[in-house]
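In the form predicted alone, a lone chain appears below as C-alpha cells.
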C-alpha cells in the first residue's frame, strides 16, 4: 500500500510520531509486526489478508511507550480494540495516531475516538455461521458431555500463555496466574488447571472481547479457545444487549442495572 507507506513516512519525517507500528514480511508466507522508527523503514510496511495480528496489544507495553508517540496501522479488529482500551482508560486520543484500514484495504484517518465509534457502527461484530453452529451444538450437550468436550479440547494446552500475550485486553502487568501466594489458578497444565485458566480468561473478556481471534491465531496447538470468547459475546448480547465497544458503555461485569436479566444465572 503506497498510500500507507507515504503517510507513515510523512508522520515520522514531521516528528508527529516517533514510531510506526505496522505489518511487515515475516518468514515463509507469514507476516510479522514491525516498528519503524526511521523514514526508510516505512518501505517495509505491508497490508494484506495475512495481517491478522492485533497490533493494539503493543499500545500498553512499556517497551513501546519508551519509543515515543506511535502511529498504528489499524484494520477493523484493531480499531475495535483501540476503542475498548480507550473505554478502559488505558489510552487517550493524544497518545497515538491511527492509520485506519477499511475492509476494502483503503487508508482512512480518524481525528477522534468518537469518529472510530461512528465508523464501527457499520462494521459491527458478526460471528460467522460456522462458529455459531459449533457453539450451539456445544451448548446443547448435556453438562457432563460438555465438560468432557472441553477437557479433551484443552488437553494439549501447556500453559505457554501465547493467547494472553496476543490479546490487547490482557494488559495487566501481573496476571492472576503469575501469583502463587495465594495461588488462585493452578500452574500445572493438567485438566483442572487448564480449565481454570481458560474459563477465567474467557470471563475476564466477557463484554470486552473484540472478536479479533488473536488468541486462537497465537495458540501453537490450535486449540479453539476463541469459541469460548465468541460464546461469551453471544451471552452478553442476549442478556445485556451489549455487542462491541462503545465510549458510553460500562464493562458488562463491572456494572449493574436494576433491570438486568437474571435468566442466565443457573
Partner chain sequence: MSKIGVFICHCGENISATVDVARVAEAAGQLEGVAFSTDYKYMCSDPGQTMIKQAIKENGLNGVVVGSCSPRMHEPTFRKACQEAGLNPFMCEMANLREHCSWVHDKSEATTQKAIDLVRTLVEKVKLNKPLFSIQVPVTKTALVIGGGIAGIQASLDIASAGHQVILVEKDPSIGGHMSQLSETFPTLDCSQCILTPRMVEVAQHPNIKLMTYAELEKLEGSIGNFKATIRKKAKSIDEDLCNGCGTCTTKCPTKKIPSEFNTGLGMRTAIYVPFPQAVPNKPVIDKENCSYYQKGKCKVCEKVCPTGAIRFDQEDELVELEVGAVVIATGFDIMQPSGFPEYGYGKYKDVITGLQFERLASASGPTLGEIRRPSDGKIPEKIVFVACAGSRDPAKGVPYCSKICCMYTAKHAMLYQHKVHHGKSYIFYMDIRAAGKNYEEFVRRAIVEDEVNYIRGRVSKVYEENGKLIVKGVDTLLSAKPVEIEADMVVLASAAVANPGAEALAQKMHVSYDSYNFFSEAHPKLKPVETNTAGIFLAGACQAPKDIPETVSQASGAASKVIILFSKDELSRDPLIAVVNRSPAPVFSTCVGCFMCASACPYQAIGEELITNRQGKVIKKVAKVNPGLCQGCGTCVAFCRSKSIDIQGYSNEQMCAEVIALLNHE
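Residue numbers count along the first chain shown, from 1. Here the structure is a predicted model, which is why all the values come from computation and not from measurement.
Same protein, other form: the form predicted in complex with its partner chain, not shown, and the subject of what follows.
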- Query: Are 181, 250 and 253 jointly within 4.5 Å of its partner chain in the predicted bound form, each by at least one heavy atom?
  - Reply: yes
- Within 4.5 Å of its partner chain in the predicted bound form by heavy atoms, the stretch out of 117 to 125, 83 to 91, 67 to 75, 98 to 106 is 83 to 91
- Query: Could you tell me if residue 112 has a non-hydrogen atom within 4.5 Å of its partner chain in the predicted bound form?
  - Reply: no
- Query: Can residue 174 be called a contact residue for its partner chain in the predicted bound form at 4.5 Å between heavy atoms?
  - Reply: yes
- Note on the structure: Applying a 4.5 angstroms cut-off on non-hydrogen atoms, the residues of 104 to 141 near its partner chain in the predicted bound form are none
